[in-house]
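Listed next as structure tokens is one chain, alone, in the form predicted on its own.
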Amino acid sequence: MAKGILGDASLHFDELNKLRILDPEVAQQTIELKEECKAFVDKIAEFQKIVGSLIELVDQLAKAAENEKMKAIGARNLLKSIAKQREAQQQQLQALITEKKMQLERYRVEYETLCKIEADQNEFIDQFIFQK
């Protein structure tokens, strides 16, 4: 009967016969909920730690990818400039070849002219020698 009167007043005895305001069953559920909440908070903290390290790793990979992308762009630009330089050099060499061909033609004409002059002079010398 004392338990009934105390129960009506929301007072209860626990297993150690201490006077409590909460029902022992509700107190036990509260303790279990508190432990579950603590475990949940611990798991969330661990999850946040894992996600943080994952984000760091992804950031590092993104930076590495960006660096490789810049290297590739630089290499492509260098290749294009080398190709343009090679093309310009080829044009210069073609112009030089054309100039040398023209010079060769001039030398050939000059040589033929000189050969003619030499032949004429030799003929003149031969005629001069025979006339004496």
Partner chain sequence: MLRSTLAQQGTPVYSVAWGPDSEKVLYTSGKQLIIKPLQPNAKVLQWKAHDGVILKLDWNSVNDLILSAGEDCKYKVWDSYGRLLYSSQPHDYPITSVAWAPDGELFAVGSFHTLRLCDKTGWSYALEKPNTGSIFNIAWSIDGTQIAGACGNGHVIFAHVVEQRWEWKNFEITLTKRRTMEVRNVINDAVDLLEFRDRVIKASLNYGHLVVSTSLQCYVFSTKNWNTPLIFDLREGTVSLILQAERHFLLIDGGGIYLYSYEGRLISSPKFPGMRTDVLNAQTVSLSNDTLAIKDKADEKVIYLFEALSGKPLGDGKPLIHKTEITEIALDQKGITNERKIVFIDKNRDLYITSVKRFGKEQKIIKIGTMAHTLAWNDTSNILCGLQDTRFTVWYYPNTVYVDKDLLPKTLYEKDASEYSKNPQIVRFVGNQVTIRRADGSLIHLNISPYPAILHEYVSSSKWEDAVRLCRFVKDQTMWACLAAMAVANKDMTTAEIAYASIGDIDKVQYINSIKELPSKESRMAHILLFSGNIQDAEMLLLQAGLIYQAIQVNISLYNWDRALELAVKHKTHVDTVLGYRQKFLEDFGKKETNKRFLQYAEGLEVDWDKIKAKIEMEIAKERERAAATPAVRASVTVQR
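Each form is matched to the other, and the largest set of C-alpha atoms that superpose within 1.5 Å is called the rigid core. None of these values were measured; they are calculated from a predicted model. Positions refer to the first chain, counted from 1.
This protein has a second form, the form predicted in complex with the partner chain, left out of what is shown; the following refers to that one.
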- [ ] Report yes if all three of Q29, F40 and Q48 come within 4.5 Å of the partner chain in the model of the complex by some heavy atom, otherwise no.
- [x] no
- [ ] Would you check, heavy atoms only and a 4.5 Å threshold, whether I44 touches the partner chain in the model of the complex?
- [x] no
Task: Partner proximity in the model of the complex: L57 to the partner chain, non-hydrogen atom cutoff 4.5 Å - done: no
- [ ] Examine E110 and determine whether its closest non-hydrogen atom to the partner chain in the model of the complex is within 4.5 angstroms.
- [x] yes
Task: L96, heavy atom within 4.5 angstroms of the partner chain in the model of the complex - done: yes
Open item on the list: Which is the contacting stretch out of 88-96, 32-40, 69-77, 49-57, given heavy atoms within 4.5 Å of the partner chain in the model of the complex?
Closed with: 88-96
TODO: Superpose the two forms on their rigid core, then report whether the C-alpha of A88 is displaced by 2 angstroms or more between this form and the one not shown.
DONE: yes
